[in-house]
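Next up: the same protein chain in two forms, each one alone, written as structure tokens (structure 1, then structure 2).
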Structure 1
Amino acid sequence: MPLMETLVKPVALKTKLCAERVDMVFHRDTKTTEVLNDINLEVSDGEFVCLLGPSGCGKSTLLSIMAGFLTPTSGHIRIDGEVVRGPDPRRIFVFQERGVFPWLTVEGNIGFGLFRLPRPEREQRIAYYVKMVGLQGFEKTYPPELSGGMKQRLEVARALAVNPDMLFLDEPFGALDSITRLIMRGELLRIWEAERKTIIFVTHDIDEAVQLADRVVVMSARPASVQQIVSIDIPHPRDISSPRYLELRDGIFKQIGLAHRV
């Protein structure tokens, strides 16, 4: 047993992503907006982290910086010890459903990032991920003919198909109805448990964060800094009426200053 521990622990605690003193200031015309203020954060390999904060605080900005789409004004992001200098297929950003390419079929979208693979392998992977996200029968369909939830699953499948080791999800289920949203959360957890990717998930839904994450990073209003990090020590599948769940959730509500106002 002690031997097991020494074998498992270092792996589980390996740092995947590290934000070091990240500041972001936008300049537009004469207006300057300070969006991120001294963000420091460490995310372990295989961890599921939710970024939670009020609308407009800078969550998407932080996620775009982590994914390499934006360069911070100062500070930097390290992934696997290397400073991020741009987007990389080893870490895929999921843009809600808006990122699927409308000019490609379901198959075309899922295969989009697989262009360097030989054809048989590519087709095999496409078929695998079509099945994983339950889009069988829609292989030749174009996205405008899919529902919002199907487009969302399609974009997740496109991301998973290139076998990234990180996923950045920006309010991926925000536009879905509450039933589909619950199903999608279950699916995402299932995928995460099967493939153990490091996931950074932006949301402004407290329940969503507490249901999904290993840790919830609570961000302050703009300019955003890390206000608190809450570890959710409840194993999956989580019982959302358990006292511990409610305690953690209410703690976060208080933290954000909403406790007695709702």
Structure 2
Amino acid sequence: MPLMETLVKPVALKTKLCAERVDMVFHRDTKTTEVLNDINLEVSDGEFVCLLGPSGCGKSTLLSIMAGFLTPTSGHIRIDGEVVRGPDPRRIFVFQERGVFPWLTVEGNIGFGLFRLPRPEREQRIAYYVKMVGLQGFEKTYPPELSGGMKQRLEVARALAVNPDMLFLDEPFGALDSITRLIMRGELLRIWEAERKTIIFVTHDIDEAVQLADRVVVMSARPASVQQIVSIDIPHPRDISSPRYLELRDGIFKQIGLAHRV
């Protein structure tokens, strides 16, 4: 089975997001910086896609364009066939820096976007997501009293509670220690398999991408273009010592010009 594929979406799945000839150039004073160059990509409904590339290549910029926070210099993003012209409450962005509100409890954070719901429905939804992310017993706890991993689970719960169509995650586990990162990857996969939201996840960690994604979009150095798209044809949970896992991971290392060394 070939390691790499061209820009082909999974068969028989509805296209959720389509990036068409996206360029991004920043102008500051007299300096011009070309960040993205001719990005073309399709993401299917319910798919978990990782954007992978070297630090500073433009992954987060592309994610911000997809979420509507930035307008591309040329080209466009379509979601459900409509051009993205700004942020949308149906699509939630989980930032690189943790964004939980320290002055609100766990319950308060999860319920923050649910103020329009009747109180019984709001309380039911809060309880559901508290349980889903394993924070039972911490409902009245404030974020400064939580561990890093618990705060990250809280942010994911808050994002899911508003029932978004899509989740955009920008290196959400980057500040965590290696053991907590492994735990959080498993937690995120468990939640994704239960909810089946479309997820686009930015990372520069090859192991993280291969452990999580249906497909890994390998981006070049800036100005970033899509070098290759790798289908990860291994069921979850993934055995990180299996020959196929190692083949896919090491193939990506070679693709970006690095030989993997233990």
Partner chain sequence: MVGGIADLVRHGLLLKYVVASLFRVTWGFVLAVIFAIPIGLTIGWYRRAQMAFNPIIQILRPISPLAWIPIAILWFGVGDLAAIFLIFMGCFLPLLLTAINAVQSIPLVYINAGRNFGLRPAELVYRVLYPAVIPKLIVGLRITLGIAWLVVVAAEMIAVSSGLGFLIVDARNAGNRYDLVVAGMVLIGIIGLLLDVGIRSLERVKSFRWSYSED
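The term rigid core refers to the most C-alpha atoms you can superpose between the two forms while keeping them within 1.5 Å. Because the structure is a prediction, the values reported are computed rather than measured. For numbering, take structure 1's sequence and count from 1.
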**Structure number, where the criterion is the form predicted in complex with the partner chain** = 1
**Asked** Superposing on the rigid core, does the Cα of P164 end up 2 Å or more away between the two structures?
**Response** no
**Message:** Aligned on the rigid core, do the two forms place the Cα of T71 2 Å or more apart, comparing between the two structures?
**Reply:** no
**Message:** Taking 2 Å as the cut-off, check whether the CA of W192 shifts that much or more between the two structures after a rigid core fit.
**Reply:** no
**Message:** Could you tell me the distance the CA of K140 travels between the two structures after a rigid core superposition, in angstrom?
**Reply:** 3.0
